[in-house]
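This document starts with one chain, in the form predicted alone, laid out as structure tokens.
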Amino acid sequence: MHIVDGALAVPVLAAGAALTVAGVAIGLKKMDYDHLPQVGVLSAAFFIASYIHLPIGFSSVHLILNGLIGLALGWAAFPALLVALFLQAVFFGFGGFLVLGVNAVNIALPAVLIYYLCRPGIQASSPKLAAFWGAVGGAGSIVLTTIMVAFSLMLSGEAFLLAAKATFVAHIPVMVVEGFVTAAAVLLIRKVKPAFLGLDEEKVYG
């Protein structure tokens, strides 16, 4: 899901950087510093998930987990994901530094949107309903991210139109897998440590 340096037009890079700076500023302002270790854990989870690849034809795609990160962190997903993307660029050359802002906003903004859309659902007293909204969050975040990646490519020239369509189609299996993974993670966390998702235990357990 990383766009590489040199692929995007300058206005797209500038817009991505500006949106990421705004998102990180809001995230830092809203961040509860007592939960800083949680932000670090989820940032590391994103870093590691990028190495879990699913073979697709002659290529492969990887897990992202931005839905689960969004459900847990809300706006704090912006700084968490920016740090992970920066370290991936430094140590492994994933993406690049010029495109870091676009990659961050393409992954973090869907996480924030999923927070507002699905968070009430994962607090439902019914585990099945919570799992459903967890699956919606996991799959929905990938849908939104692939749309934003495709849109970023299309804005940089018609030559990228085919790549934009291929990006969406290639990530359909990831949408399914992340839906299951996030649903399972929501169910497990509700049982063992609901505070990790910041859930209201009175709503969860009645």
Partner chain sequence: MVKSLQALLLAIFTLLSLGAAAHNVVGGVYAIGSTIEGEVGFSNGDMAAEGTQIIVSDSRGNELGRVLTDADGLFSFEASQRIEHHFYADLSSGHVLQVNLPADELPDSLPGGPVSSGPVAQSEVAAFNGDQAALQAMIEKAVAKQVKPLRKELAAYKEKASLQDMIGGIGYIFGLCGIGIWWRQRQQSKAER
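Positions refer to the first chain, counted from 1. For the two forms, the rigid core is made up of the largest set of C-alpha atoms that agree within 1.5 Å on superposition. Just so you know, these numbers come straight off a predicted model, no measurement behind them.
A second form of this protein, the form predicted in complex with its partner chain, is not displayed here; the remarks below concern that form.
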Whether 3, 41 and 166 all lie within 4.5 angstroms of its partner chain in the predicted complex by heavy atom:
yes
Contact residue in the predicted complex, from 177, 52, 147, 155 (heavy atom within 4.5 Å of its partner chain)
52
Okay, which stretch from 125-133, 88-96, 106-114, 70-78 lines its partner chain in the predicted complex, with non-hydrogen atoms inside 4.5 Å?
88-96
At 4.5 Å between heavy atoms, is residue 83 in contact with its partner chain in the predicted complex?
yes
Please check if residue 47 has a heavy atom lying within 4.5 Å of any heavy atom of its partner chain in the predicted complex.
yes
With its partner chain taken in the predicted complex, which residues across 16-35 come within 4.5 angstroms through any non-hydrogen atom?
33
Any chance the CA of residue 165 moves 2 angstroms or more between the shown form and the other one, core superposed?
yes
